[in-house]
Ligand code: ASP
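First, one chain by itself in structure tokens, the form predicted on its own.
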């Protein structure tokens, strides 16, 4: 049995006309001889009746427990899945709908950000063997104690790759409303191109640094099994972007002419500069961790700590540090711009080219860091569009 997993995002299932495109993709896969599993997100974008933010709004005046919140949030994908299964049957296609728990997704106990620990696909496989298209609710699973859990933002991507690995699928197709992974955000850089191929490591870095095409956790699961990923547009027949395994990275990407694959950005951030040393550095990090504040872009020096937080965590971070008697310097309205590419590993001169390109635009680098595949630069948020354009022009045009 040749299995293909197709995941469709909220915009793909938002209404009857959008779902028509989904039906075509599913039917085309069936005609190619695949047993098809379809993973769905809740219908539409922010503000639509069943999406996560709208459902959370219902709880604004009450006090729901994390367990009850997950029960509510799981409803969006259930509505979407039942509607799509019904549409398939109306087309004469044998189809059935399964919730995440019914599909065998077992998670840890963490409500709101659960992680899949195993998949028990017996029922799912049986339905496929009976010739049915199986529609599965993304974003949800069940703990060992039988409680419904949700997987956090982008969790439907994770559902799709976990099922793909469990079923030994030939591939997972992630359908969105874009043509694939771009060399930059097309809203900032009009000349951004669709990338034909990426390595798992590259797409993970791009996703973590702001490219919202696939969840990094989904890529990590696929990478463990060398499961091919395609990122495609529901509303076109374009080839999309293929995410390939490490063998491709070793034999081809090292020889690539382009050291940088793409440019991404995250904003707004607030930079904190804390003049502390030794034990006080430890106290600061422990206090921030205890408050659940995620730090980004961290630099630790003997007498100074520099880090960044999302703008929405600025006040909480400041209050936490003040409670310890610390008075940090703060620089609000910053943006992190990243150049990502496996081809930069071991290749000198990339940082020099980045600095040269930004300096030519009069853009000051407030902080920088690097890894084998990524170089990050912190800039003022107002200068972020020009920074993205300058780096894209230098490396990706």
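Just so it is clear, the model here is predicted, and its values are computed rather than measured. Positions refer to the first chain, counted from 1.
Quick note: we don't show the form predicted together with the named molecule, though the next part is all about it.
The candidate spot formed by 6, 25 and 175 lies out of contact with the named molecule in the predicted bound form, as no residue has a heavy atom within 4.5 Å of it. Put simply, of 118, 304, 153, 316 only one has a heavy atom within 4.5 Å of the named molecule in the predicted bound form, and it is 153. Here the chain stands alone, but in the predicted bound form its contact with the named molecule, taken as any heavy atom within 4.5 Å, falls in 37-45 among 63-71, 337-345, 37-45, 364-372.
Interface membership of residue 52, defined by any non-hydrogen atom within 4.5 Å of the named molecule in the predicted bound form, is confirmed.
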